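Consider the single chain below, provided in structure tokens and representing the form predicted alone.
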Amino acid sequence: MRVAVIGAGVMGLSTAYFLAKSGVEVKVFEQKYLTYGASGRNSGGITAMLDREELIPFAMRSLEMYENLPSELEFNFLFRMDGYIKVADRDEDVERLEKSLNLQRKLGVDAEIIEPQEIRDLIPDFNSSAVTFAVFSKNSGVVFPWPVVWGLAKGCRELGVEIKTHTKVHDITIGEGIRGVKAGDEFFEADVIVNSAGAWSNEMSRIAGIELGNKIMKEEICVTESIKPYLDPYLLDVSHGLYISQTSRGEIVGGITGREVEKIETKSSMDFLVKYARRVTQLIPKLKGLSILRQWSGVYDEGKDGLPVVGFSKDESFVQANGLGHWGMTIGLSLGKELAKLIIKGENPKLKPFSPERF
């Protein structure tokens, strides 16, 4: 079997790696460079405290993989399991967090309600009066996204996978007869084509003659100058969409969760900085006065119903592996592994909730 994977993000590379481990011949096509897409532009929060029942088992499995896979690949992902806090200050968000927590506990997630004042034990200088409710999971954390991509790419190459960077796919042939992808002036034959192009997955589907209809989301992030490391857990304010963490070098990395946009573009904005700075200094006054060293934005896609789109399309030579939304780093490793099983065996009940056929 020969498989062409479009997109070298976490989902695409995870799928390629586990296919190659099973002896499948794989080529990966990336339109720019490794870490160009959403897998290289996010903040790296990893948790199973999700609000969709279908996603939680994959998040739990990915957390295990973040601990074990680096040894297998002999590449450090720089994953820290220092905990994850979700806070809220609006009644409707508190209700949503409580409902989600009940679901998470039912599925085996180690998470608990903590008092706002207790957050100060985890984050010194936290302003507990700025929130009314908090939940905490110690079995969660943050990863540096770039090493995840680099490590998976290393593992793929060692198994014989060819990763063709700066190689944009502009034609896809599926169905009966010769199948494959055209990139540049060259045609690459493949029995199966995997569309893991993230925000560009709609475009790749259209080229193949298939309508996908994923939502395109844009997210902005920034990083500050370094201060002495003290912020261990990852913090997400669900009422304001704000999240922050601190790197081992001391920079504060933070952003605001994505919003739907009509087209793909990655320009940064002053509006984001104002909104972010106002709320983050309400939560942690100590951060006032820090200099912003860099800000950037990224785009990712999300399934129409908020769930990933993973599985065979109407033509089984074309496989969707996209729509992971804001939780791509959290679920991409395990989803890729299960997708590899689906491609090889032709079925995988674990992926049924994400099948493109549901639309």
Partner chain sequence: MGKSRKIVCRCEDLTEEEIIHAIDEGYNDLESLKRYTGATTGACQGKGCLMHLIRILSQKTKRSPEEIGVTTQRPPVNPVPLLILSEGDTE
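This one's a predicted model, so the numbers in the text were calculated from it and none came from an experiment. Positions refer to the first chain, counted from 1.
Keep in mind that the form predicted in complex with the partner chain is missing from the display, and what follows is about it.
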| query | finding |
| --- | --- |
| One stretch from 287-295, 65-73, 50-58, 316-324 that, in the predicted complex, holds residues within 4.5 Å of the partner chain by heavy atom | 287-295 |
| Contact at 41, 273 and 276 by the partner chain in the predicted complex, all three, heavy atom at most 4.5 Å | yes |
| Residue 230 within 4.5 Å of the partner chain in the predicted complex, heavy atoms | no |
| Contact label in the predicted complex: residue 35 to the partner chain, heavy atom within 4.5 Å | yes |
| In the predicted complex, residue 280 touching the partner chain (heavy atom, 4.5 Å) | yes |
| Any non-hydrogen atom of residue 146 within 4.5 angstroms of the partner chain in the predicted complex | yes |
| Among the candidates 96, 138, 90, 166, the residue which, in the predicted complex, approaches the partner chain to within 4.5 Å (heavy atoms) | 166 |
| Listed residue that, although the partner chain is not shown, lies within 4.5 Å of it in the predicted complex (heavy atoms), from 200, 150, 79, 133 | 150 |
